[in-house]
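Next up: a single chain in structure tokens, the form predicted alone.
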């Protein structure tokens, strides 16, 4: 109770002083959305390990910090981050046009959330979708974001539109002041038969303590095809919490790639509703950690209509005293006959101190289904390492080859060459530092 009271005093006061300056304050529906988010956040407080969904993720380090709103920070020139012709860069949750590039030939709506909410026209697409797919009554961080979100990307593809190049959304955390929190918000609406590839990349510019608390909502119309990449490599002093909610209509398809390299504490909640007959999702995930870092991936796939299918594989590589969590739920509802779901959690521990808590689960309420799951936890195969050693490959190099092979199953699924190359480089650099320290 004292924790909730403290949050009411600090963040309730912040909300009261900031609300008139937040995007969309002139819209009654935005004000209602924000107020409900704030009310739910204050009622919930930060989650504790007494809650089943947070059993292995202790957010006490966040609770001990009073996060302030970010202030503008000048940045040095940014390296080439874009993997396509269009790049939107957000610094501490706010759009920075100086580092952004937008192709004027785009045949769909691409704006920032702040810009879209500045529009004083009657109800538009953003009103129909923003906040519709994210519940705030049972997730404190989603509620916190809903109350405080400052900016993000709003992408709306009309029927039949095809985005030829990836859309790259870059979120940079930069600051050298007292701990601060930013709350980006993304909304992607894909019309019937449309296609798009978009990338969310999260970068820590320095080692200052901060929190990135992001919510992304995805609405896929009938037959829409989305390829989604979430790449997180923030600083080791940073906290990262993400809630991604996707809603798929008839025959829509979503392929998600979640890659986590950085952060002191990282939590990803990915929820997919297969709410159309024949809809399909593929969820691929890779997380690597060393030191005393913690990375937690929670996924949930709801099969709501007949003939929907899902494929999921998450892999973790943990070294030092790192901890990993994977909790993947697949729920097949009463009307979801002929559901086809497969889920795997595979984990590699590189030290005796590293830990993984994995919990794949099925909730089946229909008898006419095909569903199975599996989980593995292990160390480097000594026989395979011995075989490589016997062929003249040094032990250090042999371990690197086996770990790359383990992680490569996920990285090889990435269809954007520049992104795949960058991730291979980051994995190699991480492996080099870990193996040298062992």
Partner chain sequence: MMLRIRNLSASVDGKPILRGLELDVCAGEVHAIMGPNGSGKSTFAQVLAGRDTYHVVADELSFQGRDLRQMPPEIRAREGIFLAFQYPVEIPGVSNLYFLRAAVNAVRAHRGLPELDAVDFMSRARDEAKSLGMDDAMLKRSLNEGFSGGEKKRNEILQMKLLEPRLAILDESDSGLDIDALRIVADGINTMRSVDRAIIVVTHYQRLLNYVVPDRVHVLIGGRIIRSGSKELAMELEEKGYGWLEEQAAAERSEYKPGAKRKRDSAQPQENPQPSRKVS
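It should be emphasised that the depicted structure is a prediction, and the values quoted were computed from it without experimental measurement. Residue numbers count along the first chain shown, from 1.
Only in words, not in the display: the form predicted in complex with its partner chain, which the text now covers.
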Exercise. In the predicted bound form, which of 395-403, 370-378, 22-30, 45-53 comes within 4.5 Å of its partner chain (heavy atoms)?
Worked result: 395-403
Problem set entry | Proximity of residue 60 to its partner chain in the predicted bound form, heavy atoms at 4.5 Å | no
Exercise. Counting only non-hydrogen atoms and a 4.5 angstroms cut-off, does residue 391 reach its partner chain in the predicted bound form?
Worked result: yes
